[in-house]
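Presented below, as structure tokens, is a lone chain in the form predicted alone.
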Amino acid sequence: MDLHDTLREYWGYDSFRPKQQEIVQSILDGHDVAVVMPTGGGKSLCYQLPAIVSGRLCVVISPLIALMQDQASQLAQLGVSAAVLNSSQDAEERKEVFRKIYRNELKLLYLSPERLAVPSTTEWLTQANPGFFAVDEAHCISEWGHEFRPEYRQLQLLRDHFPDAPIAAFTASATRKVRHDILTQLKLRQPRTFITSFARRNLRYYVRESAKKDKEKLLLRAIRHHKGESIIVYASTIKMVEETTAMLNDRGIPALCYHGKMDTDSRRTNQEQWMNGEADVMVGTLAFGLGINKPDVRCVIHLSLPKSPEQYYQEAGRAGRDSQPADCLLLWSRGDIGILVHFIDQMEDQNNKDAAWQRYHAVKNLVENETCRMRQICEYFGETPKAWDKCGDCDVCAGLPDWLQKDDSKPARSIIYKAELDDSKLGALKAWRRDMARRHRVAPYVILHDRTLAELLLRRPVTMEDLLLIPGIGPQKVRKYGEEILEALFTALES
């Protein structure tokens, strides 16, 4: 089957992105490949398409269950048979996957590195006779990488157990040292190496040192500028994620949260709602975003200094995957530096500590040096752009945009509600709303919007009929929450 015909039939594209066709052809020709391609560059297609064309099973090694399930679901929508094997499945689900494997019905099979390390996995995979392996997030195999995972070292066994199967390694962010480590650890044989430019010319990088008290103001300016668009906000701790989400919801901004201590169902629900556009803003720790394929993210905001340029590049790179302009805002403070130093000091392994110190100095230089942000990123990854010295769009090259510099000293509510409100009474209503939201497992704005809370304080309804006159409260809401709303309002007015 012709590669362009397959591309058009399954993905609806008329042409390949840079390097994609060469990568696909190299895999089909039986070569090992190592690919460094930015987020949004189309890495997954590079191993999915040859699996379809060759008719041979591609085994994809991926670090996150959510990522595997997301890709398998997307392939199913394309009419491609793909499956995931992981610990969350019951016995019958796993049996069905094995049946498809032995009937040669699968084009792609997604496994975690932990499952591949189980001896029985090697046994049945040998019988399945895979055509090639694709190792996603390959930088995780390197101690010098920013997301080193010891279980990835088990992937060294691939070459030993499957000497004839090509191995394709993919990553979005790897320095020269990490790239060399990937080739060595995976025992790639004369690999074809493909490195696309690290310059994402549609992204505008803005870096601003700001005290803690100013971050909220700048965050709100950025979100309001991108109202109605998809936004990701990265916070360094679970506490910060939860506080930021609550603050945004209190201000009438639909925001969801995502972090490792949430249960799986809550994370999945929030992710689906954000993906579906039911909320503009997702606030998460670095656990959020890996493998998420949402092309229309218009802004990524960091509320603290990342651990490394790799981490920042990968997370900021989730903006603008549709190649349209997008903003990447990094808000950092001097306190972030102390936190990074503290965690590095706690490390016991000297190699890991040395690598962490190198990344620390690199990310500190990235925010402190007054040279083009995009050029700094390229040079960090070993690329020296020859056609340009300045991107022309970052804060160093073009200054901060107007929307990030406007004076925002007026309280938003005085603009929205045309009246001064008692902060303590409004705060009491918001606290009640937060409790209701937790009880019903919804975002606070689902209960009542900020504007509706303000109208309650201004009009002071007494009966159920009065409630129906409040903007934002209809018969459904009166039947569901009416008595509790009146009780909460009475309590707030008495406070």
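Position 1 is the first residue in the sequence shown; the rest follow in order. Here the structure is a predicted model, which means the values were calculated and not measured.
There is another form of this protein, the form predicted together with ligand ADP, and it is not shown here; the text below is about that form.
Using a 4.5 angstroms heavy atom cutoff to ligand ADP in the predicted complex, all of Tyr13, Gln20 and Thr39 count as contacting. Though ligand ADP is absent from this view, in the predicted complex it lies within 4.5 Å of a heavy atom of just one residue from Leu45, Ile52, Leu467, Met436, which is Leu45. The single contact residue among Lys425, Arg375, Arg321, Lys107, judged by any heavy atom lying within 4.5 Å of ligand ADP in the predicted complex, is Arg321. Per the 4.5 Å heavy atom criterion, ligand ADP in the predicted complex is contacted by stretch 31-39, the sole one of 458-466, 56-64, 427-435, 31-39.
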